[in-house]
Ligand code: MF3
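Presented as structure tokens, the chain that follows is alone, the form predicted alone.
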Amino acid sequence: MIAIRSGTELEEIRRSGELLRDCFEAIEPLLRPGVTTGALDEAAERFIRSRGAIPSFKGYQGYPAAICASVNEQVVHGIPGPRELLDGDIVGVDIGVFRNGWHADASRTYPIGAVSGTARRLIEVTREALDLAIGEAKAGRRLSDLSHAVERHATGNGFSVVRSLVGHGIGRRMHEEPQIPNFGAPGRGPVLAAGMVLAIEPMVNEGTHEVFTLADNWTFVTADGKLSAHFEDTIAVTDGGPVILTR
């Protein structure tokens, strides 16, 4: 069942989203060659806790860190550690916060130094795919309208969308109904209604859509070793259209 949130509850999620937005701004100066993904994680956790919130990911089903930092062919759930970011890398940073009983979740993919034209285009198309999906998140539309918008834009630009991982509802729990695939025909699935809160997250690959998990049981990587980008925002469906809670 998809939860419908009251105005007061939406305001609480919005405040979690604002904290998350501020966290991204706080760590962005660190996104440069020579900085480790572990240093990003430490900075993000320190910031979140300084604002009286908790990192949603840390300890979730045993996950060991506050953020996910996925580099190059890593799609999502990369565990931060001693790996240094290099000139030409791209890194997807996924962060969740839990504040006053409510979660917010977002991801950004960043170029590190001078990246290839393909990497820059992949980042751009993935960000655009997210914006297009958000634009479909209107009361009365169908859930698969969002999915179709992502797939149409990604494949229309020569990339592929990951099929085995999905976006999700969010609120009291980090992962709630519904699941939100990034592919499919339009006009299917639940009808969207005002008060629904969704974490929409296109995962777009340079090559094949196929992925597998590393031995750490967390990190997803592309099957062909090519690049992947990931963008995510938490949004609210309202009578006036979609409202982005994490920007």
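Quick caveat, the model's predicted, so the values are computed rather than measured. The first residue of the shown sequence is 1; numbering continues from there.
Omitted from view is the form predicted together with the named molecule, to which the following refers.
Heavy atoms within 4.5 Å of the named molecule in the predicted bound form map, among the stretches 38 to 46, 177 to 185, 54 to 62, 206 to 214, onto 54 to 62 alone. With a 4.5 Å cutoff on heavy atoms, Glu73 does not count as touching the named molecule in the predicted bound form; it lies far away. Using a 4.5 angstroms limit between non-hydrogen atoms, Asp233 is distant from the named molecule in the predicted bound form. In the predicted bound form, at least one heavy atom of His168 sits within 4.5 Å of a heavy atom of the named molecule. Of the heavy atoms in Val221, none are within 4.5 Å of the named molecule in the predicted bound form. With the partner omitted from this view, the residue of Val197, Cys68, Leu192, Ile27 that lies near the named molecule in the predicted bound form is Cys68 [heavy atom within 4.5 Å]. His77 is the sole member of His153, His77, His103, Arg108 with a non-hydrogen atom within 4.5 Å of the named molecule in the predicted bound form.
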